Structures are given as structure tokens and as C-alpha cells.
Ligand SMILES: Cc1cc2nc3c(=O)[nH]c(=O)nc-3n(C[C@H](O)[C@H](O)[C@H](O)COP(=O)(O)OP(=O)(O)OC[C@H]3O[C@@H](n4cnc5c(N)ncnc54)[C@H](O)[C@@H]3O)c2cc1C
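Here you get one chain, nothing else, as C-alpha cells; it is the form predicted on its own.
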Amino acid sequence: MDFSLSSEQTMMVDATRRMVAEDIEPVLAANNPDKPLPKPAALAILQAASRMGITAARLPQAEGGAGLSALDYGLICEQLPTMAAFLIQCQETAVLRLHYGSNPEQRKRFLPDLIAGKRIATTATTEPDGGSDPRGTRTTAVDQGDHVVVNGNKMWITNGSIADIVNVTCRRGGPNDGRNLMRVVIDRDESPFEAREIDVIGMRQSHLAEMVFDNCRVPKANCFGESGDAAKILTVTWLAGRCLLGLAAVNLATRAFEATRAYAGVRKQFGTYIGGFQLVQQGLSDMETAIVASRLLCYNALSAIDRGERANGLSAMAKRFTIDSCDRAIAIGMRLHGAMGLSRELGIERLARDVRMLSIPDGTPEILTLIHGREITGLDAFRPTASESKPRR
């Protein structure tokens, strides 16, 4: 068991860091840190990511992607500023979801511009009453000639306010049990819809939106996959997504740790550097331990996905532990900075706000606990059925 990076992985990580320094950080710094990025700035980041091949990181090379493993993609995502990671991961996941189940004509029509970063994509699944239960989707798609008419509301959609292409999870009437979930791809140019920004405490440069589809007419040629495959596609892509969110938290906690370690070497109290105090060293030790443990849990889950193993429990465990641990690590860093930790000038408080934004997407801590518990016991705590499997012993 070798925990060191290969030479290829090291080169990939170094190239990502250079891209961040040269192409992403200047864009973020040039815009208001407390307002969502203008769409041209978001496109500039996506186009930089496209040159690195990570707008279609996990797509096979034969289909125009980079063909990266889940672990290699995670190594890249860990280096990205969290706002950019949100933007790029949303685009990459949408590309992957559009690829699965699409026909050649659909792929040719939608994917090239998304991979090139010329247009922005997102997936709209979460609803006001169904965030943790995609099978409870109420948004409907009703056949009407050579179109389907989409009606419903979506909430907390990353990139929703600036998206050109939206992969919408809908249903076609009947019992709301998930078997009739379908995917409809809405091109904003041909099927307009409403979207508004949602003001939140962290990730202030990113875009979270409410989307309203009111008799939105969409060509039937934009219906993807087979009816009933939407839940499966969402679940498969969520597994890696949870780990990628965890690694975004690792990025934030690492920045807090590095700032705190540097501060402990220059700040004096009682005539000596605070880095020499036992409790300050304990705090730094706790921070680094949380970071390393979180990173390895995420890497382990991503490696299991690459091996084709069932990673439902591993990915749920990785995200839940990582976000909580990195949240605590950043809080320790704030305390060790004393009053400076509360200042907006220093930026530690921004890391604290941003890490809180990672707890909810792709499964709340409570839902992840139940997913992990189901993997342990074989019993479903939130959707018991008559055909439930026997308890594991």
C-alpha cells in the first residue's frame, strides 16, 4: 500500500497549482469577493479548466474527455480555490450526466461547447420540499406534440443563474416512487426560464439559484436516457461528488492551517512566540491531524470507486467526517489567531463561512449517516420497504 503520489500525479498537481496562480486567482481577485462572479469571469475560469482537460475530466478520451480516474480528478480538485471548484465540478458533473444515456446526436449538439467552456451547464434536481429525496421530485414533464412541457421549481442549484444548459430531473405522472423519473435538458436560448440568485453566508462569488419552469416547452429531442434512469445516474455521480466536496473542505482547512502555523511563528505573548505554548501546539496538531485524516478518507473512497467497488458507505462517511473535521480545524485556527481571527482583513472568517457551505450539497450529514448506516446494517432507515433486505450479522 503506497500513499505517495506517482510522478504523473505530482506533475498533474503542480500543473493545477500553476493554472490556479496564473488563470484563476487573478480572475477571483479582480471581482468583488462578496458578490457572484459575472458570467464572463465564470466563463474565463471554465475555459482555463478546459485547457487543463478538467471540464470533462472523467469522460473517456474517445469522447473528448481527459479519461482521468476519480482519484486523479480528486487530486486536481483539491488544489482549486473552493469557488472555482464549485463552478468546475458542477460543469464536469453535468457533462458526465449528459453523456450517460445520450445518443450521438445529443452529445454532438451539447457537449463540445460545454467541454470547451463556451457555455455553462448545471443539474437541477433539488426542490423546495425534496432536497434529500430526489425520488420525491414534483417537477413534471408532460408530452405535448413534439415537445414536453416542464412545470416546477428547483432550489439551491449551483450555477443556476448563469447556466445555458440545465439537466432537469422531472417525472411523468404516476406514483411518485422514482421509477418514472426522467431527464430533460433545457437550453435556455430555445426554452427560456426564470432564475434568481439566493443570498448565502459563504462562497459569495459562486452562484446558487432558484429556478422556475412555468409551462417551459422543450423539444422531445432534449429528453435524455431512458425513463427511470435519472435516480441511478444521480447516485453514481454523487458518490465521487461527495468526496470532491470533502477535498474542497481539505483545501480550506489547509489554508487555515498554513496561516495559523505562520502566525504562531511571528506572534508574541508574554515575551515569547505563541508557537512555543503547549496548547497552541496542540491546536496545530489537531488541525493537521484533521486535514490528513480527511484527505485519506476521501482518497480511499475515490480509489474504491476506481476499482469498481460499492462505495456508497465510503463516500458518505468520507464527506460527513471531512466537512465536520475541517470545520473544526478552521475554528481552531480562528481561535489561535485571537482577535485577528475575527477580522475580515485576515480572511480566516471567510474560510469558516465557506466550509459551512459544503455540508449540505450531495447529502446532508444526517442523510449521509443513514446511507452509511444502511451499508453497515442492510436496513433502510429513511425508505423502508416490504422487500427490505435482512439485517447484516
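We number the residues from 1 along the sequence you see. Quick caveat, the model's predicted, so the values are computed rather than measured.
What follows is about the form predicted in complex with the ligand, which we do not show.
Taking a 4.5 Å heavy atom cutoff to the ligand in the model of the complex, the contact residue among Thr125, Thr82, Gln89, Thr322 is Thr125.
Shown without its partner, this chain lists Ile360, Met334, Leu28, Ala44 as candidates; in the model of the complex, only Ile360 has a non-hydrogen atom within 4.5 angstroms of the ligand. At the 4.5 Å threshold, heavy atoms of Ser69 stay clear of the ligand in the model of the complex, well away from it.
Proximity of Glu366 to the ligand in the model of the complex: non-hydrogen atoms within 4.5 Å are present. Contact check for Thr158: a non-hydrogen atom falls within 4.5 Å of the ligand in the model of the complex. Although the partner is absent from this view, Leu370 contacts the ligand in the model of the complex, with a non-hydrogen atom inside 4.5 angstroms. Exactly one of the stretches 303-311, 150-158, 181-189, 255-263 approaches the ligand in the model of the complex with heavy atoms within 4.5 Å, and it is 150-158.
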